[in-house]
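Okay, here we've got a single chain as structure tokens, the form predicted alone, with questions on binding and movement later.
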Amino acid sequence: MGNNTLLERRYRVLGHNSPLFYDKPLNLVRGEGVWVYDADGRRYLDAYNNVPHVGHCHPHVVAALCRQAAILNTHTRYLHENVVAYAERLTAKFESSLAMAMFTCTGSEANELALRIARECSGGMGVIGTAHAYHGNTAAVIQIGSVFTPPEKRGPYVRTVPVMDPYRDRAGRSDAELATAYADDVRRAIDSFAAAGVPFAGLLFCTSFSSEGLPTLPAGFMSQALAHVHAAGGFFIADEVQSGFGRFGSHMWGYQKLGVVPDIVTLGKPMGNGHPLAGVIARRDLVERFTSGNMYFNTFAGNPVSAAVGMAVLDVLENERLLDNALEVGRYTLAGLTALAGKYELIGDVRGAGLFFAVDLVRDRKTKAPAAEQARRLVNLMRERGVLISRIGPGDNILKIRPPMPFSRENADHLVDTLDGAFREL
């Protein structure tokens, strides 16, 4: 059965507006490590997906899932060693203040639960995000996810701060001056709630600022911003769905790279390597205060099979030293991408850390005007050449490269060489 027939069937049952990657959609049927295969047997280097965090269909993770699924799967209203042991091992990866876990099935649910906790424990409703963020698709979370929600649909309990973009915002300012300017945006948003008579609940940021374009933030920004948040009685929710589990190599969690400790952390995509596992890690006092007046239960969240999968992912991260790999291969990849900027005027800026990269395409290096059409074309050229990447940013002009954690130097060479060829074809 051809892809066109499958596409038409999909349109009939999922609709024409259900999103698909690429001008010519891919029909993927198998994955292994950093590779995926289409229905015709063609192999593609996956340099985009962070869901298969330790590699597509990792045998240790698959075995853990199958083994537990063949024994028992139920929910957290029964005692089970897997669930408690996983929560213990996971919370041990955080600072001592972040001591309690609550499991969900998706990052959307995790951010929804985090918002409930922040609002209940602060007594406020107002939440701040950025002007180009995505945190999930529940009714409350989508209002803060400004990528897909225009201002008129965000309601009275949401404020956004401008996207931090040091590449374009510098204007002769030092890092210290930029840090203060960005923190002042947070302070003004808090003041806006006060002026409107809306009690403040907190700040929700993706700690990689991925949808915003993966900016390299000035040191001190987050600590200054959090000082404003805490002074106003709010909490910081760190969305680690894209940054977490060692993506940056140097740290297990993105907030650690920013030099702060949040009040609440949300986890998702990479947590289960494709299995629907997500969660909230928070201060003990917040969890106890919230659950004393709100019964939280989720039928499928944190079940014994999910816990076995989560434990297996942590095994692989540790046994295969994937954080070290992200750091070493990440530096190598970043050097290769930076070298391309010396060849092509279209590349205005290259940034990233660990195995997370952004290649900012511009029509003119002086004006730094976003080159959105060229980015769209490049993403599709890469797909045609057998490498999967995507694009992000308010101008839809930034190549987003975020491969699974076992990505190697050889994979990096393949990525950079293929991208070089795609640039030449533009």
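All of these numbers come straight from a predicted model, not from anything done at the bench. Throughout, we count residues from 1 along the sequence that is shown.
Another form, the form predicted together with another copy of the chain, is not on view; read the next lines as being about it.
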### Query
Any chance Glu152 has a heavy atom within 4.5 Å of another copy of the chain in the predicted bound form?
no
### Query
Taking 4.5 angstroms as the cut-off for heavy atoms, does Ile142 touch another copy of the chain in the predicted bound form?
yes
### Query
Do Ser96 and another copy of the chain share at least one heavy atom pair within 4.5 Å in the predicted bound form?
no
### Query
Taking heavy atoms only, is Lys269 within 4.5 angstroms of another copy of the chain in the predicted bound form?
yes
### Message
By the heavy atom within 4.5 Å rule, which residue out of Ala183, Leu277, Val229, Cys206 makes contact with another copy of the chain in the predicted bound form?
### Response
Leu277
## Note on the structure
From Arg321, Arg170, Arg188, Arg284: within 4.5 Å of another copy of the chain in the predicted bound form by heavy atoms is Arg284
### Query
For the chain seen here without its partner, which of 354-362, 25-33, 391-399, 374-382 has a heavy atom within 4.5 Å of another copy of the chain in the predicted bound form?
25-33
## Note on the structure
Taking another copy of the chain in the predicted bound form and a 4.5 Å non-hydrogen atom cutoff, the residues of 47-72 making contact are Tyr48, Asn49, Val51, His56, Cys57, Val62, Leu65, Cys66, Ala69, Ala70, Ile71, Leu72
